[in-house]
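First comes one chain, alone, set out as structure tokens in the form predicted on its own.
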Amino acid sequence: MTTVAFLGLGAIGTPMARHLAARDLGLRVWNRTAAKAAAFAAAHGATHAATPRAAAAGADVIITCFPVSGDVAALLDGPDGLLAGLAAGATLVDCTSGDPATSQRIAAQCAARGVRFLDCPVSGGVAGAEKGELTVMVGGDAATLEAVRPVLEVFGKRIVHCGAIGAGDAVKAVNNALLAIHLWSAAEGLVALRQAGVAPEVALDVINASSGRSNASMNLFPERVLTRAFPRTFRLALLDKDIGIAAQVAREQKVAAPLLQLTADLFRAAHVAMGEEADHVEVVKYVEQLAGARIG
């Protein structure tokens, strides 16, 4: 029987772990806030591990899910660290939306202990995690992916092998950078059209039946911006981080990417202005502030 450990019970990680707990996987959980892991374990029939080492000990598949790669790297070392609990032949699956360079360093540390590593960031948000329908972008050895695919399929609807270690992180970062570009450009366009006398509902009706449509225009603006609801589902701070990773990937590959870099700069300014808890769609409020006008 495959045994699984899950570390990182955040907004995305908790529903992922919940799906795993419903299977016969001997799930062990760990979280930086111990009370949260204890409550999860009690509610879902899992085991609460006191340390990362205890979570990993004896597990075949160890899944980490944190805001940044540095959070995972910080768990590795020390007598209670993750590396001390990893057994040769185990696989560390990192579902953090991380950066390729750090994932490559973690993979090297794992390999030195006979442990396999995959970077497996996910997309689909809290709603996709709740439904068990996430998209999983995988970097690493194809055979390792096939070995752990049954575990990934518990919470992932679409699992895509993107390439070598770090490729999953890179694809996730570029995907989120495109989301950011769509959000910002749609906000600028709709503010300008509103000032020109075009109602945003009318503008979106045309855009969404034409070549300018995107997920932002088709879903985020009608549901969150025109309603002024702005639910907090994914922090602007994390999108800022992802765009920065995408721009860094372009620089490392010596690819001229002025739009990625400009978007990274704009979202960093928005992050600073809007604060740590702002939702990513609230960047529209920042665009409105710059324009001195509101969309709706």
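Everything numeric here is computed off the predicted structure, so don't read it as measured data. Don't overthink the numbering: it's just position in the shown sequence, from 1.
We do not show the form predicted together with a small molecule, though everything after this point is about it.
- Residues with any non-hydrogen atom within 4.5 angstroms of the small molecule in the predicted complex fall in just one of 29 to 37, 255 to 263, 42 to 50, 55 to 63: 29 to 37.
- In terms of contact with the small molecule in the predicted complex, the residue from A164, V126, A199, V154 that brings a heavy atom within 4.5 Å is V126.
- Within 4.5 Å of the small molecule in the predicted complex, a heavy atom is found for not a single one of W184, H271 and A278.
- Although the partner is absent here, I12 sits close enough that one of its heavy atoms falls within 4.5 Å of the small molecule in the predicted complex.
- T233 belongs to the set of residues with a heavy atom inside 4.5 Å of the small molecule in the predicted complex.
- In the predicted complex, the small molecule lies farther than 4.5 Å from every heavy atom of L83.
- In the predicted complex, T96 approaches the small molecule with a heavy atom inside 4.5 Å.
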